[in-house]
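The chain below stands alone, shown as structure tokens; this is the form predicted alone.
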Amino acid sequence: MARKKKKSEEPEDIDDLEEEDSLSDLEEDFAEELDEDIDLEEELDLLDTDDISVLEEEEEPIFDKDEETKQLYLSCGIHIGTKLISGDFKERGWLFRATNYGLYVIDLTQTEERIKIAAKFLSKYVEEGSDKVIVSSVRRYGKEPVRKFCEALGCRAIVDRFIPGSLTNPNIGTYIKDASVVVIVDPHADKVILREAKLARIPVVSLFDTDDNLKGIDLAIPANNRGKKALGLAFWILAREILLELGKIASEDDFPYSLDDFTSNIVPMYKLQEQ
């Protein structure tokens, strides 16, 4: 079917840090993808992209952290935005800078700060075995991070189709009466549950890419919300921070899950085609 102009695919994995010119190949990949007709499922899945590089910032560090933490964030590409930027994103000051090739880079300092804010907020609702915190993802790369997040915290995961009315209609079997907060991966892909949470007046926490808008979002975390490794990292850190807030672990080292546990093992379609 003809494709409407929507979100552009963005990189998911970063192998090393090079000059800004290294993004030219990525730009070409984006251009090719935009010219193709894809169905809705393919558009929502959005292939992750390997073997790409991102610039090393020349004048100022991209993230003022120890080298190990910095490399972890960079290697997962959580700071890689899209080639579009919304007014909401720009106005919040979450943009680190734009490259000469039109790719927007997210300020990792803001990402880390907002994850901590979200952790403090969610820790007030997290309760083992309850339905107070609902975590949902339509994106296939978001399903495993959501499952593991809910396993670690005792929340309720929705990684299949969200049934309309589950937050608003007490007369249907899927109604969740105790829902107090909803966490989603992408305001665009998860628009059905986002819209219903708004109707039910349930606050929504969401990862927030450069081309998203804040309509219906109560607490946004600026981050790449399509890349496989980026999603794994975001939910891994968020779950760890919540357990720290709750006092269930004494330090980050006590978190019993690895980043790999939170990262989808789905192989991108383009890789299967190459085999």
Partner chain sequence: MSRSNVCSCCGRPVTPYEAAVHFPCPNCGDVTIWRCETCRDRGKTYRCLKCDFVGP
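Positions refer to the first chain, counted from 1. Model, not experiment: these values are computed from the prediction. Throughout, rigid core stands for the largest set of C-alpha atoms superposing within 1.5 Å between the two forms.
Omitted here: the form predicted in complex with the partner chain. The next part is about that form.
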Of 101-109, 117-125, 78-86, 138-146, the segment with heavy atoms within 4.5 Å of the partner chain in the model of the complex is residues 117-125
So in the model of the complex, does any heavy atom of Val204 sit within 4.5 Å of the partner chain? yes
Using a 4.5 Å heavy atom cut-off, state whether Arg97 contacts the partner chain in the model of the complex. no
Contact flag, Leu246 vs the partner chain in the model of the complex, heavy atom cut 4.5 Å: no
Can you tell me if Val183 lies within 4.5 angstroms of the partner chain in the model of the complex, counting non-hydrogen atoms only? no
Full three-residue contact with the partner chain in the model of the complex, heavy atom 4.5 Å, for Arg92, Gly216 and Leu219: yes
Using a rigid core superposition, assess whether Asp160 undergoes a CA shift of 2 Å or more between this form and the one not shown. no
Does superposing the core leave Glu91 with a CA shift of 2 Å or more between this form and the one not shown? no
One pair moves by 3 angstroms or more in the model of the complex: the C-alpha atoms of Glu128 and Ala200, which are closer
Between Val146 and Glu128, does the Cα distance in the model of the complex come out closer or farther than in this form, changing by 3 Å or more? farther
